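First, one chain by itself in structure tokens, the form predicted on its own.
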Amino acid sequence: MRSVVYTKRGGMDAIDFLESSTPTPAPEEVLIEVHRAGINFADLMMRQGLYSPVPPFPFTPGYEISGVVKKLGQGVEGTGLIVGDRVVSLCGMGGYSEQIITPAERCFKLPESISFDAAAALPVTYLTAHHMLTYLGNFQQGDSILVHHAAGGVGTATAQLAKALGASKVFGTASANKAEFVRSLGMRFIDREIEDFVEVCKRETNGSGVHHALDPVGGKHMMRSYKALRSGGRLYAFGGSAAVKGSKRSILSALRMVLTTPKFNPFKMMNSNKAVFGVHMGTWKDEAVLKNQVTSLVGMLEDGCISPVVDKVFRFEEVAAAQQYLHDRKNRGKVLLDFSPRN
């Protein structure tokens, strides 16, 4: 089988391919034939050595996959999984591969009505948004949301979940060339280059601010998201895209982001009644919470309450082009890698 490997920290030259034998699942594990693997911005940051935690180099990235169960480890029979099942998995790492071993508890059966594309676009982006809004945020009908990079994976997921949950308004920041797309998702588009999103959110909520702000940017941008909140609002920090300025690693950009990231004073937070959450689903340990949320999302997908926006699917041999597509901020929704068998 073939896998994508990051050989070192760096640009696209750090990407290579590895040929290896098919692995054998240990007890409580399954072997999955991967059909689709999701690409996330975190994957790009890992390649540049700007994301944590990651395995030591070389390693195969990839948090999420969809595919077919090919072999069961001992003890899996009682879980309901059988060989041939179509599944989606939040595999943790190693998803950029033709086959992968993953814990059985991280695999979820797919109804025939759900495509591999839609399934692979679900675990990271929808789970992240759902976790922030419902588990951490105690989302209530009528709440308002601000989400940055609104045309990306988490942005499109947030727009759909917000509608399903009964949000009053969703503000989405993006570049001008994505305005029509963001508006088509039902968001109030904010041009990040020429509009002050804090001022817009305050003005259009009668001076109060939003209930939830989702910030994957980091640096000084995070404090502005905090200022866009109303009393009782919640800020979710779940990325650091400000550290990445292109496909090549930039220590200067990363350092600038770290130095400008705010240090929140708990006493000032007490007075404003605002909360700040750090969110990284890759390090989440409570499997019961994760399972409940993914099961809920698969149900919402089957019922048509959500429908992942898949922008483009690249064959895995084109992984460098796929990642460059994200670096260039061209994506409108999710980008996937196709690992399906070619006869």
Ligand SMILES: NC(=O)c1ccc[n+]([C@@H]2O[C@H](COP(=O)([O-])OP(=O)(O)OC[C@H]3O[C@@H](n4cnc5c(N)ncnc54)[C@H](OP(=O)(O)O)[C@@H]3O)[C@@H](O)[C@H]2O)c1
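Sequential numbering from 1, following the sequence displayed. What you see is a predicted model, and the numbers here were worked out from it, not measured in a lab.
One more form of this protein, predicted together with this ligand, exists but is not displayed; see below.
By the criterion of a heavy atom within 4.5 Å, residue 175 is counted among the residues contacting this ligand in the predicted complex. Although the partner is absent here, residue 106 is not a contact residue: none of its heavy atoms lies within 4.5 angstroms of this ligand in the predicted complex. In the predicted complex, at least one heavy atom of residue 41 sits within 4.5 Å of this ligand. Among residues of the shown chain, residue 125 is one whose heavy atoms approach this ligand to within 4.5 Å in the predicted complex.
None of 201, 159, 244, 133 but one reaches within 4.5 angstroms of this ligand in the predicted complex through a heavy atom, and that residue is 244. The partner is absent here; in the predicted complex, the one residue of 224, 71, 192, 188 having a heavy atom within 4.5 Å of this ligand is 192. Judged against this ligand in the predicted complex with a 4.5 angstroms heavy atom cut-off, the residues 149, 152 and 279 are in contact without exception.
Figure note: of the listed segments 84 to 92, 255 to 263, 107 to 115, 175 to 183, the one touching this ligand in the predicted complex, with heavy atoms no more than 4.5 Å away, is 175 to 183.
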